[in-house]
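Coming up is one lone chain in structure tokens, specifically the form predicted alone.
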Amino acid sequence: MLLELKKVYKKFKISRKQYFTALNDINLTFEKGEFVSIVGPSGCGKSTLLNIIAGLDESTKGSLIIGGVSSKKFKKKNWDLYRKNNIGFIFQNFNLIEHLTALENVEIVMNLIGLGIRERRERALELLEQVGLSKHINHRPSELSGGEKQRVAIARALANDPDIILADEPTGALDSKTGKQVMDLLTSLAKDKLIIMVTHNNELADEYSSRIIGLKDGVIESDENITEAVTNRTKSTLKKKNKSMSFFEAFKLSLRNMSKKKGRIAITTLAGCIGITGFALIMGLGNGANIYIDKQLNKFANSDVLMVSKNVKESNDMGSYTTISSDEKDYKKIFEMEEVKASRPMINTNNVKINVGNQESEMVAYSLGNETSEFLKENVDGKLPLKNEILVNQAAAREILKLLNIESKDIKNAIGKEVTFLINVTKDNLQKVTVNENFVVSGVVNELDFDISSIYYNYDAFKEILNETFLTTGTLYDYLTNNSGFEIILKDASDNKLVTNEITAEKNGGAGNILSVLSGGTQKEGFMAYNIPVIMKLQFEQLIFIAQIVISIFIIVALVVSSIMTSIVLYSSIVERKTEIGIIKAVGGRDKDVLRIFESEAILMGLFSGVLGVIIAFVLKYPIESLIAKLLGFKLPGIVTIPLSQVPFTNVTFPLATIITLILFSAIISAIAGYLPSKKATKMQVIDALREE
């Protein structure tokens, strides 16, 4: 026995205490090979009975026995499997998905039973040829006649090779001639299946049925065999799998639906892309500003010289410090870095003062690299310092002229002036020795002017002047263990921040963030490396990052608004596509399949917004650069540099990472916004959704 209905009742609630009994104690058995017509007046329960057999609706009481298994044991997934594998439903109103072609309407069932693309395409083409629609495979329902639509519906019902074909008034919307063609077709295609047809046309039932069941007021009034049916137990040869709709199919359905609502989707995409454009521009501006500042600070005279020392931790004793005792192999890593050109002991000068005309002024002294950088060669008025000579920056030149009471706006007048250094030099035993030495200003370096008086000396000449007794003898490692330090000279000044970060990284035995170390924010022992350009770079980066965060808060508000719009658009789409939801569930689609379809639509809107947002950002890049340059009064090429190879705010780099991240971020935001409406679609009952037609 293929199918049995046992003591089936169905009641509908009319009011709080009033119910209507649509089916009353229905007991029926069916075998494969029968063509059964259910007849009776309107409202007698024919369609209700068919819906219960199809698993589109549940009985109030009683059960279906399907292949010997009672539906009382069924859970939701079992009903989905039953509709997907055992039932083929032909609706009176066709219930085709409007934005799919005839071929795709047939294929959708086979997608749910796990057939491969090639296999389901071949089967769909074969079925459409059998129903006489081989020339209409790419036509949408709106391009087909009523009879052609019903033929597509029949092909779809046969697509999963079901045991049971259910037809609800299959000729009700057709003229008599087309109706007869459909009935002949249905009979010829389904000889080895159980066909149950609901009809109000008794003549049609008499002509085609092997058995007629009469219903009246929800009760079986008659059950008569018209002809002897050739029953059989033939099993389906189609290899069916318990699969969900693929993401590809879900995206395809969503794309087809979105193509019908281009205006609505365009507005939503435009709203969503505003936030992504903002993010891309703010990252681009921050990245461009960092690159610009980095280039400018690399023009400092000693930007290629890093001071390397050890951070020490204060002990419990007042004013005493612990000595670092790190493994020597850790420090050797520094000299193995490919960016390092040379190293030398560090001359610890403190509280440098210059005496000019019996007036004193504090300055900051730095050593220059062994080889003159390209920047210094091109940006020094005068010449580079030798023995008893110093190079000064613009602020130091102004200070020297001020101490000499020379009123001149031309800072080059400081060149050739003699100054006396009062230098406190720290020896290796921490003793401070004051040295007086006369120097001549050899030149003025035209670096960024921050009004900080800095002087630069020739390392080798300065070392000779101070005498080597002021420097600890031994290896460079000895300088570290004696709380002194050394300097490293880089091959390229642009690597100074990279090398600083590498040396101070905790994983390499460093003390951590250099700004935190210098400000006293950390007491971790370990290596630290720094120079003034690097410190200023890191400070500017922090300020830019904070500005980006503040602006991003306003951008997030725009994204929230666009997310709300996405939710509204998706909810509208769900309301408009209730019939489609019902069809998908009727052919065995699970809640997961419905969720994927509408989440796919949300994700696609997010992807469109992300791509459009990035494109707009690149288009706006040049006018924004021009505007900033005009406001600041000087050229800033590349000040808006959208990073194509860096994940924002991290050190992770790979091609197009930022662009991909922004687009994916947009898709994720849209997916989150679309989840609740999509989840609501899954809660829709299949019978309620189909009644919306």
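No experiment lies behind these values; they were computed from the predicted model shown. Each residue number is its position in the shown sequence, starting from 1.
Here the subject shifts to the form predicted together with a small molecule, a form of this protein not shown in this document.
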### Query
Does residue 44 reach the small molecule in the model of the complex if we count a contact as any heavy atom within 4.5 Å?
yes
### Query
Just to confirm, residue 681 within 4.5 Å of the small molecule in the model of the complex by heavy atoms?
no
### Task
Check whether residue 48 has any heavy atom within 4.5 Å of a heavy atom of the small molecule in the model of the complex, and answer yes or no.
yes
### Distance check, residue 676 to the small molecule in the model of the complex, heavy atom within 4.5 Å
no
#### Entry: Candidate stretches 64-72, 663-671, 621-629, 36-44 - the one whose heavy atoms come within 4.5 Å of the small molecule in the model of the complex
36-44
